[in-house]
Every structure is written in structure tokens, then in C-alpha cells.
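Listed next as C-alpha cells is one chain, alone, in the form predicted alone.
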């Protein structure tokens, strides 16, 4: 049953399902974690690059524009009042412009930016040279020449300003591109997260469902097996476990029942042993005086001259004493079974010997015995006396059951009976009234008899003798007309045990 349950779930076992789901969940979780780390790293890289290059370059460009515009008009103001403070401020902004230009070179990483900065540098040098010439003309009070040259360099000033603006727009464009790149990466991460998170949630729910339905619920139901019947919906490993648990519980219950039954039998045996010892002692005490009475009656029978009525009374007394002696002898034999003295003998010889001993009894009962024998049975290890006693009990029971005489058939045979091997069988059948079906289960029990004067020990003793010989005694058939008993003995080569 267990193997069947396991084979039904083979290929998709609970172990395989759980491992697959756990691997899927771990992969999905690692994928989400990996994408998150990649996104964080990429975002940091974008912002660091923007901060280090593009934003610095943009600030430098804005500074260049500011410093350049700060120089605008100072030369004109100097030409009007020749105040040296205008030249000092002009020199200050000039130095700041050159410092910002140097910083812009350090932060620039674009070829196009480098070209623009080179143009700004060269144009600004020429502009400064021309502006210094204008200032010198103004210092020499050559205002007419100074104004003329001053007007010529204004165009160059505007060109430098345009280059600074171009440089600023270049890095503004780079910042916009970085922002677009960041948005694209964020969009990819969002899409992957939208896929990975529901997938992880689905796998987690699936694992939880399997844990509850396939493991926790079955374990809970297994824990309540004592209260409920075996659950029928379990399958796979839990089904096999349930089957084994149920089998174990059944075994424990059976073992408990057997132990309880054995305990009852032991208690009953102890009681029977006590009663048997007491009864055996009483029987032994009764048998000795009864033997003396029997011997005295035998002496009186030979010495007295009895009439017919006295003779009948004397025969009744003798028969009753013989009956009492038989009862006591059977009881003592049952309470203290004699030890087997096995000999090598053929059961056919024992059958013939038993029939010779009972010939007068059979004749007086009007019973005809027929022996069916193809050939003499093979030899066995048997106690001749006890085997004859067992057979004699069967024959006498048949005689007593057939009040007006009848027929007894004894059939000898040898055969192989699994797993006992080769056996010799003797079937004793009569044409008497048979044994009622309600008595069949009790006929081998001690002190059980359907006859008013029976001791109930004959069949029990015969059964015990056959079992001690390694064989058995069975009631083969008992119809309304006739009863058949089968005595089986292992042949010598198949005999493995005899009670010594």
C-alpha cells in the first residue's frame, strides 16, 4: 500500500516540488536584490559623474560668463574719469576669469568642450591684448584712437561671450542626457520589479499552500488519528507516512490485544493448574481404595454362588466401578501427561494392534470396522502406546455414538502437505449421528462432552498426543450421517521434533 502510494506520486514528489519552489523563490529574490544593487550603483555613478564633471563644468561656464560680463564697461568708465579703481577691478575680474577657465579645463572631459575652451582661451588672450592697448591710449589721453580701437574689440568680446554660452549649453545638454539615462534605467528597474515581486509573492504563496496542505494539515490529522479514522486524502510522502503510522497503531493495538489475551490465558491456566493439582490429588486418593474395592469384588465373584438377580446386580456394580476407574485414569493422564517414548514403527502396525485390543468391545457393540489400505504406511517416530490410546479414543467414541451398532472405516494414506512435508494420515469415519455444528469448536476442549456419562477428556487427550508427535488431529467432516477424524503424523524423514 505504501509502495503504491509512493509510486503514484513518483516524478513530482513533495520533496521535488518544495525544492523547485524554494530554488525559484531564491532565484527571484536574488534577481530583485541584484537589480536593486545595480540600480543603486548606476544611479550613484550617474550622480557622481554629473557632480564631478557636468555640474562643475556648467558652474565654470556660468562663472566665465559672469566674470566676462563683470569686465564689460570698466574700460569705458576709465576712459571717462581715468580712475585707477576701474583698472584694479578690471584686473581682478580678469584673474578670476582665467582661474575659472583653468578650472573648466580640469573638469572638462569632452572633445567638443576642449575645442570651445581653446577658442575661448585664444580669443580672450587677443581680447586682453587689444584691451590693454585701448587702456594705454586712454592713459596717453589719445581718446579718439582709444575709442576707435575700443569699438573694434567689442565684437571680439561678444564672440567670447557666445563661446562661454556655447560651453554652458554643451554641459546643460549632457546633464539632460544623464537625466534621460537615469529615467530609462529607473524604468527598466521598475518593469523588472513589477515582474519579480509578483513572481516572488506567487512562489511564496505556493510554498505556503504546499506547506499547509501537504505537511501541516496532514501532520495535524495524523496527530488526531486516535480520535478519527485514517484520512483518505493524503498522498505522496505524507500518504506513505500516514499508512505507516496507521500500520504502527494497528500493530500496537493488535499487540495489546494479544498481550491481554495471553494474560487472560495465563491467569486461566494458573487457575486450571491449581484446580488440576487439587483434583489430581483427590483422584489419586480415590483410585487406591477403588482398586481395593475392585479386587475384593473380583474375589467375591469367584467365591460366592449368586443367583441371576444377584449376578445382574454384581455386574452393574462392577461396570460402574470400571467406569469410575476409567474416569480417574483419564483425568490423571490429562493432568500429568506421560512422556513420549518414540520408536520407529509403521502406523499401520499400530492400527492393527489397536483393532485387536478392541475386538471384543467392537463385537459387543455390533460395530464392523473396515481398513482401507493400499500398502503398509512408511515408518514414523511415535510412542506406540500413546498413539494407540489416541486411536482407541476415536474408535470408542464412534462406538458409543452408534447405539445399535454401525460401521467404522479406517483409511490409511501418505501425502505431501505444505509446509509440513510428507505426512502419514489415518482417517477414522463412522456412520453415526454425527456432531452438531454448534459443538464443532468445542469438542477438543477438556471436560467438554455431549454424552451424559462422558468425561470430556478422550478427544482432548488424543489431540494432545498428536500435537506432541508433531502432527495433528482434525475433525474432517461431521454431517447428519457420520463423523470423520483425520490423524496426521510426519514421516520419519520429515519428522523434526518430538516431545521427550
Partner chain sequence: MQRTEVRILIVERNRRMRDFLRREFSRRNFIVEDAGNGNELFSKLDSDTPTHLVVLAVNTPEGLDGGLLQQLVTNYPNIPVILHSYLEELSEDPFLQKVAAMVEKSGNPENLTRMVSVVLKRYYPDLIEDDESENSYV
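Predicted, not measured: the structure shown is a model, and the values here were computed from it. Residue numbers count along the first chain shown, from 1.
In what follows, reference is made to the form predicted in complex with the partner chain, a form of this protein that is not presented.
The partner is absent here; in the model of the complex, the one residue of 220, 109, 298, 209 having a heavy atom within 4.5 Å of the partner chain is 298. Only one of the listed residues (421, 366, 198, 289) places a non-hydrogen atom within 4.5 angstroms of the partner chain in the model of the complex, and that residue is 289. Against the partner chain in the model of the complex, the set 294, 302 and 341 is in full contact: each member has a heavy atom within 4.5 Å. In plain terms, the part of the chain that comes close to the partner chain in the model of the complex, with a heavy atom within 4.5 Å, is 325-333 out of 325-333, 188-196, 392-400, 371-379.
By the criterion of a heavy atom within 4.5 Å, residue 244 is excluded from the residues contacting the partner chain in the model of the complex.
By the criterion of a heavy atom within 4.5 Å, residue 284 is counted among the residues contacting the partner chain in the model of the complex. Contact annotation for 26-52: no residue has a non-hydrogen atom within 4.5 angstroms of the partner chain in the model of the complex.
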